[in-house]
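In structure tokens, the next block holds one chain alone, the form predicted on its own.
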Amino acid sequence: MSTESARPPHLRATALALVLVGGFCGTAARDLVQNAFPHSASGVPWATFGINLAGAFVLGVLLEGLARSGEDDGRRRRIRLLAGTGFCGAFTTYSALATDTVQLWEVGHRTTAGIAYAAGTVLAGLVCTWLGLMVASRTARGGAR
């Protein structure tokens, strides 16, 4: 048994490299979207809202699809680490959600920040994740016919 395979999965160099590469790509993609759709300091950050919802949907599709295709090992684990943990983890942004919420709060949009934006993003993210799970589930059932 090699030293690499004796380590827990989260401490393996290949796992860390996959998360790093996926994270780099996810961060670059988020930056491209946010720069394409900038918002003013007093405006609702729709790009961040959309990024978080899209990432939640994609993560739901990805994880359900991987879970339905077999054990979390080999190629499926590498895809999960690269696309799920790395890309989607870096593409979606809880820190930007928190920062944007505080900015909206500070400019006087307290109801917008506290209820519509922060809570709405979390609730809509849950719905998007559930939709992603359903899409992957139905796709898998359709493919099994």
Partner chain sequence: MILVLTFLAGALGAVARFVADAELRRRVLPDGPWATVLINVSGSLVLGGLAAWAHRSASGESALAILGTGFCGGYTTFSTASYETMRLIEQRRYTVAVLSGAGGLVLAVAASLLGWAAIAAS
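Positions refer to the first chain, counted from 1. The model shown is predicted, which means the values in this text are computed figures rather than measured ones.
What comes next is about the form predicted in complex with the partner chain, which is not displayed.
K.L.:
Since the partner isn't included here, can you check whether the partner chain sits close to all of 33, 112 and 135 in the predicted bound form (heavy atom within 4.5 Å for each)?
P.N.:
Checked in the predicted bound form: no contact with the partner chain for any of the three.
K.L.:
Any of the heavy atoms of residue 69 lying within 4.5 Å of the partner chain in the predicted bound form?
P.N.:
Close contact is absent here: in the predicted bound form, residue 69 is far from the partner chain, nothing within 4.5 Å, heavy atoms only.
K.L.:
Answer with yes or no whether residue 46 is in contact with the partner chain in the predicted bound form, where contact means some heavy atom within 4.5 Å.
P.N.:
Outside the cut-off, so no.
K.L.:
Would you check, heavy atoms only and a 4.5 Å threshold, whether residue 105 touches the partner chain in the predicted bound form?
P.N.:
Residue 105: yes, in contact with the partner chain in the predicted bound form.
K.L.:
With the partner left out here, check for me: in the predicted bound form, does some heavy atom of residue 95 sit within 4.5 Å of the partner chain?
P.N.:
Result yes; residue 95 sits at the interface with the partner chain in the predicted bound form.
K.L.:
Quick one: name the residues from 17 to 45 with any non-hydrogen atom within 4.5 angstroms of the partner chain in the predicted bound form.
P.N.:
Heavy-atom contacts to the partner chain in the predicted bound form: 19, 20, 23, 24, 27, 28, 30, 31, 34.
K.L.:
Considering a change of 3 Å or more, are the Cα atoms of residue 117 and residue 109 closer or farther in the predicted bound form than here?
P.N.:
Relative to the displayed form, residue 117 and residue 109 move farther apart in the predicted bound form - a change of at least 3 Å between their C-alphas.
K.L.:
Since the Cα-Cα distance for residue 57 and residue 109 shifts by 3 angstroms or more in the predicted bound form, is it a contraction (closer) or an expansion (farther)?
P.N.:
More distant in the predicted bound form, by 3 Å or more.
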